[in-house]
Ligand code: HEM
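We begin with a single chain expressed as structure tokens, specifically the form predicted alone.
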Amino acid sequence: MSFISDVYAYLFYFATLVLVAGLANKIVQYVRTPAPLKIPTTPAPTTNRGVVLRIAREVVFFESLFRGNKWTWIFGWIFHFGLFMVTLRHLRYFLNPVPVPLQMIQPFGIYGGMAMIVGLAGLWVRRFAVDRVRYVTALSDHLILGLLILIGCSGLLMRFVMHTDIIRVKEFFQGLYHFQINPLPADPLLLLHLLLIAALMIIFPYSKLLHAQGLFFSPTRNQVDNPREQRHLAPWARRFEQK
């Protein structure tokens, strides 16, 4: 059992703990945040079914972003779709046996990695090229974009330039399920790739990347537009109403 395997095993245990605990804490915070007013962005659905469809369109098609800025929508959608394909491709390292649908999309996951980098590059150029966006861009925004691009580039380099033993990589991660540390290939590019992924997991719950789950708790998106038909009363205010 090598020193590097030990370090990366404990690193991913720590990163997973931070990711899960951070997301859980943020969800609790979202749930407890009062929404005292009816503030759905109009035109808004007037039924619960309409709200579900609206959120589904936001998640899949980025509907409001499409209406707001077409160029940002193009690069944002390309990046997120590419990331989705890459995530599905990487599930093979955590599942045994690998389901047939995941086996079939493996080649498309490679193109997803390329799309991910193209989308990120477009979003990063926007940070420099658009004056109003450049004005509100912080150093953390550049660091996050750079981190994501490095993750994508290092992954593609392992696929096309410097190959690694993916069987041993899979054995390493599946061993972590049983608190068993199997040898991890000591390839520098692989170690860099995994280090960057662990860093992303650690900062995710505390960065702007958290908008992914915040969408589901946004009152401008998840409220039904029925203020005349039904009085909106925040949960924290109901006890005063009862008195």
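These numbers come from a predicted model, not from an experiment. Residue positions are given as counts along the sequence shown, with the first one as 1.
Omitted from view is the form predicted together with the ligand, to which the following refers.
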| property | result |
| --- | --- |
| Single option in 49, 178, 67, 211 placed near the ligand in the predicted complex, where near means a heavy atom within 4.5 Å | 211 |
| Non-hydrogen atom contact residue 192 with the ligand in the predicted complex at 4.5 angstroms | no |
| Contact test in the predicted complex: residue 93 vs the ligand, heavy atoms, 4.5 Å | yes |
| Close approach of residue 173 to the ligand in the predicted complex, 4.5 Å, heavy atom | yes |
| The ligand contact at residue 156 in the predicted complex, heavy atom, 4.5 Å | yes |
| Full three-residue contact with the ligand in the predicted complex, heavy atom 4.5 Å, for 20, 81 and 203 | no |
| Heavy atom contacts to the ligand in the predicted complex at 4.5 Å, residues of 119 to 157 in sequence order | 123, 127, 144, 145, 148, 151, 152, 155, 156 |
